[in-house]
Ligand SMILES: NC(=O)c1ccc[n+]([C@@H]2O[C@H](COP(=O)([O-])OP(=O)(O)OC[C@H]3O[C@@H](n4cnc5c(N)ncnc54)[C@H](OP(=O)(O)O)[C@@H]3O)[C@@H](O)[C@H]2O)c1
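Only one chain comes next, encoded as structure tokens, the form predicted on its own.
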């Protein structure tokens, strides 16, 4: 396993981290039904073969992932890794809530401290919550008491706010979405470079875009991959692009099978930093251009369409619809539509009131597209 420096901490993390949001299931439509035997074997295999960071969060597997992980890390495995999880910022309604959820997470995980603790999924609303309820002071107290070793945040919003958050607190690290298609999405490459220059360690999530850059890959893209100097699978093609960047401390993979674990560990046991030539980077740009040419909805995920009177998660549904079209990922998007969105909040509940369309900067015909998305995904 190759290890990389984790910012200025002196810690070295395996360049592959284990994301705890996609464990194998007994019932594919019930994320609480983790196949604990298979998942434990996968996790132990990864740790035994050099993976030393495991990343979790309060809501993963509908709040059962932390509970499972607390059991799976017994028998000495907790001591072999750096363990991280995330505070559910959107649930914070008072200053006392941060402590309440943190205590619950320690209990779930059967630990008395955490190595890494992140504020989960910061954006405009989350950052307002952080400031309204003194969450940064709460982090200070945890650090001083030794309840967490390092403080960070994960991010899902636009670049200017990302830079503002980076500068607002002495963070040790951050977690951003990045892959060769989403290179300028949300924080993007510019955010990666900015955080690195400011001394933060940077972790990467969604390097395979939830598996969409690894599965059902179109012939046009596989042809491009075959022109690379490397003999590689689509997954390795995508992971190499991320690990090529020297600013990346660790990439997270939400692995669902032992085969995925073994393949990713074998790949992460090789050095990939600065391994891509200018000619090979052109192949990535061409693959990105092909995927983007299949975009169904020009949604920037700005969130201005929200809130919806029917509590329809508009941008999330449009993202699922886009993914189905761009990545030949209809079944994946259907699964997410059924699992993550309650029937009363799905697209067929849209009344076409037009309020969201009036607020949309892109002037997207949201009502019409929600109807089309529901037909495709239900």
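Positions refer to the first chain, counted from 1. Superpose the two forms; the largest set of C-alphas matching within 1.5 Å is the rigid core. All figures in this text were calculated on a predicted structure; none of them were measured in a lab.
FYI, the form predicted together with the named molecule isn't displayed, but the following is about it.
Proximity to the named molecule in the predicted bound form, defined as a heavy atom within 4.5 Å, holds among 172, 256, 244, 105 only for 256. A heavy atom within 4.5 Å of the named molecule in the predicted bound form is found for one listed residue only; from 126, 191, 207, 152, this is 207.
Using a 4.5 Å heavy atom cutoff, none of 31, 63 and 341 lies near the named molecule in the predicted bound form. Note that among 71-79, 221-229, 153-161, 93-101, the stretch whose heavy atoms approach the named molecule to within 4.5 Å in the predicted bound form is 153-161. At the 4.5 Å threshold, heavy atoms of residue 304 reach the named molecule in the predicted bound form. Using a 4.5 angstroms threshold between heavy atoms, residue 182 stays clear of the named molecule in the predicted bound form. Contact annotation: residue 215 falls within 4.5 Å of the named molecule in the predicted bound form, judged by heavy atom distances.
In the predicted bound form, the named molecule sits beyond 4.5 Å of every heavy atom of residue 13.
Residues 19, 20, 21, 22 are the members of 10-31 with a non-hydrogen atom no more than 4.5 angstroms from the named molecule in the predicted bound form. Core-aligned CA deviation for residue 252 between this form and the one not shown: less than 2 Å. Once both forms are fitted on their core, the CA shift for residue 10 between this form and the one not shown remains under 2 Å.
The pair residue 184 and residue 362 approaches in the predicted bound form: their C-alpha atoms are at least 3 Å nearer to each other than in the form depicted. In the predicted bound form, the Cα positions of residue 291 and residue 363 lie at least 3 Å nearer to each other than in the form displayed.
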